[in-house]
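Next up is one chain by itself, shown in structure tokens, the form predicted on its own.
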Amino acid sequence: MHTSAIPPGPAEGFDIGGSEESLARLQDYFARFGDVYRVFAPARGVFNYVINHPDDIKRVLLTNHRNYTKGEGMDRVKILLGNGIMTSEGAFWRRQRRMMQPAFHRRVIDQFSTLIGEVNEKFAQRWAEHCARGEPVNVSSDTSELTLEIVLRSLFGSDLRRLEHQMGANPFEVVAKQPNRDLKFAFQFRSLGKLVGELIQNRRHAPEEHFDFLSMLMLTRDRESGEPMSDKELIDEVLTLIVAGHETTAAALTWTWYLLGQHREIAEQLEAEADRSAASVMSLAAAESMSFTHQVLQESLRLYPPGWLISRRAIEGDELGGFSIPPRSDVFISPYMLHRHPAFWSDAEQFKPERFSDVEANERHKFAYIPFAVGPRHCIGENIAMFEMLVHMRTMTRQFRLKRATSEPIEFEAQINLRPRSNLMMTVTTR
């Protein structure tokens, strides 16, 4: 063991995650320095550490997770989301997570199947109209609107229509319409908190039955104190669910269509599986039984994980990959790099859904694939996100074939999420 040894790293400084160049830098550094390296961060005047090996990732996110808090970049997210489960820490985070967990139980998610089906049918109708007019579909903006509509309807139920009626438009559409995640957006978005607060107040004063996430969060009680969430806590969690529940799913669907547009034979297998599925409204179990569609989505999330960078800050010093990590250091994990690690993935750049068939998946290191992160802080919405994506792919592949409308290479935008820099335009033909 070379515990006191300092990990290798580049001579020049660079703030990881602070700019557009981060992904290219991580690729370069991995090729040069391997599984553990450090990079001087001029902005904080300290060294940041990057880990790429599943064993070290398991240690940071699971076995020694209590030694790590959320790292660099969270301050910006806090401006947007307040102190919701994405940004909160310690005992408060544990309490909130425990109170929210039952709302994401499979039995509950299954009850959103009609809603998820309806929204997808509405967009299928829109795609059919584009097809009839011979116009390409903007897959980036349509998947963004579709996932936002599912999130909003599952959060607010019948109150959403009331709001739209009252205000003449959907006040939350800024989330899908405004692509920049800057301070101006943060300000607009935070102002929606006032609306959420009013909804909460109305519900407290006119208690009618609602089946949606907001009512579940209002009804939940802390196990120890019996206390409900305060209005501020409810608002922060609702805003967190809107952002987290829509952007990542939209990006994942966009990347999936992009990949299918390049792999006709895989798209045909998807179509065949969709044709075999009988139910008009898909339950969660029926959606999950579409094993090939599931493998396609998993492989798409491997190649283009929307959450492409995770950071944690060590409380005490630690040892990773045989190197000592000083206390208060930021440790970066990039699922994008991990999912292409040549020691764990053969032909890592190739789109091969079959690598998620049981045989291959069972032999792989359990921590070589973390599109929803892992450990106690893994994504609370993983099941509902997969459910939405499975229903979407099945609804659309039963009716349409998509092909890219242009041939120029796609550029990455690696900011909070990994998504294509310009809109993905695709031509739609009916099958």
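In this text, residue numbers run from 1 along the sequence as written. Keep in mind the model is a prediction, meaning the values are calculated, not measured.
FYI, the form predicted in complex with a small molecule isn't displayed, but the following is about it.
Think of it this way: in the predicted complex, the small molecule has a heavy atom of just one of A405, I380, A41, V36 within 4.5 Å, and the residue is I380.
The partner is absent here, but in the predicted complex a heavy atom of W93, alone among F185, F344, W127, W93, sits within 4.5 Å of the small molecule. This chain is displayed without the small molecule, yet in the predicted complex the stretch 366-374 from 366-374, 24-32, 393-401, 42-50 comes within 4.5 Å of it by heavy atoms. The closest non-hydrogen atom of K70 lies within 4.5 Å of the small molecule in the predicted complex. In the predicted complex, G245 approaches the small molecule with a heavy atom inside 4.5 Å.
Using a 4.5 angstroms threshold between heavy atoms, I57 stays clear of the small molecule in the predicted complex. Contact check for R302: no non-hydrogen atom falls within 4.5 Å of the small molecule in the predicted complex.
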